[in-house]
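Take a look at this single chain, the form predicted alone, given in structure tokens.
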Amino acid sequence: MELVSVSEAQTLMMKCLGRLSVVSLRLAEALGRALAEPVRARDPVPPFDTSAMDGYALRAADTQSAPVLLRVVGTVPAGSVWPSPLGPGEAVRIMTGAPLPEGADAVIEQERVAIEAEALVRIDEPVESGRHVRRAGEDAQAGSVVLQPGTVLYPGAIALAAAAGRGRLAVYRPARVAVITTGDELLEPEEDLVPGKIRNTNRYLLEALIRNEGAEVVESLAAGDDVRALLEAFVRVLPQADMVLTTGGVSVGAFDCVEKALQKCDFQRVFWRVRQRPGKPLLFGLLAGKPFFGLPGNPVSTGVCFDQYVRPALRYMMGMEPLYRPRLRAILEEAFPAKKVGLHTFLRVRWYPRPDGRIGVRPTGPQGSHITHSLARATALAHLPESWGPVSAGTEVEVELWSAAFDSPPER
């Protein structure tokens, strides 16, 4: 099968995916989920004109000849309503969030008022109409859409849904993902090394990446380089998984067993091998109708392929928008002579703000697909297109920011 480009692979993958089922959850349970329907405000937000300050509600027209004395006719705390219209020359002491009395159109802060007597205050400056007043419907009008389908419900969105009068929300359920690592050479992290063995990095990398996207790990198994063990793992995980990931065993080595096992299954291959570095031997298809990714065995390849393919696939299935991170323009501050024509290269970099206001990026060191350090230190991913050869310092590149953390500009 001919190698496909990164964009072709992503397009082919997306055509095979479907949405997961929708559940109704209380607000306290919906954090991190994606909305499956628009959220409309039941009432105006705020529902009435309110004070934005502790102070005095008044008629702005009464202060235009300041200094003036106003008669304080009472106090209105939050949760109460002043019972009668405010008359000329009158003021009401008001607390933040309390409804503005009828007839009042401004609030002056309590620290800008002089108390002359028990029921008299002096205003030494004209107050403009609308000062420190939150208007009814300023945040949202009744019936307006405040949150769109696909919105990931972070704390601010939860607060807005509560303000809109919604106690429950229709959201997509989290994807259930099974992880199967292959390789007879793998040991668990706490095991002592023996000749020929390495620790199982990919299992824990993938479990962390899956949970980081709000999905669930339903099984995490090791199958070695054994077709029968891999088939048994498929049988075990398929009834409960929405997606299956394997790592290793997808290249053309004598002991690569994933393709051999899949030939004995209900598997529809969509693509195998992508014109990219790292991660060229990526395999994708449908296993018993469910998305299947055969990820490469090197940890950096696994991490990058998850980021560029599995992550957007999970986000689509769970109803999240957007699927991909935005790409920004940045200046590559170090040459990358190892770039080969014909392979889209994902360069692990760290980013920092430049003095000219632009973003600068520098590689995280050696970029071999086995150098886990390059993945751990990266705060961004730079895209070097297929058509490019060796890249010189100062070249403008597209980057995706992985982290809001940034380095200080290097000393010149």
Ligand code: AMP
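Values in this document were obtained by computation on a predicted structure and should not be read as measured data. Counting begins at 1, following the sequence as shown.
From this point on, the text means the form predicted together with the ligand, which you will not see here.
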Distance check, P278 to the ligand in the model of the complex, heavy atom within 4.5 Å = no
ask   = Could you tell me if L186 has a non-hydrogen atom within 4.5 Å of the ligand in the model of the complex?
value = yes
message = Please determine whether G248 contacts the ligand in the model of the complex, using a 4.5 Å cut-off between heavy atoms.
response = yes
message = Residue-level question: is I198 within 4.5 Å of the ligand in the model of the complex, judged on heavy atoms?
response = yes
Region of this chain that lies against the ligand in the model of the complex, out of 74-82, 174-182, 230-238, 153-161 [heavy atom, 4.5 Å] = 174-182
Single option in G297, P291, P99, G319 placed near the ligand in the model of the complex, where near means a heavy atom within 4.5 Å = G297
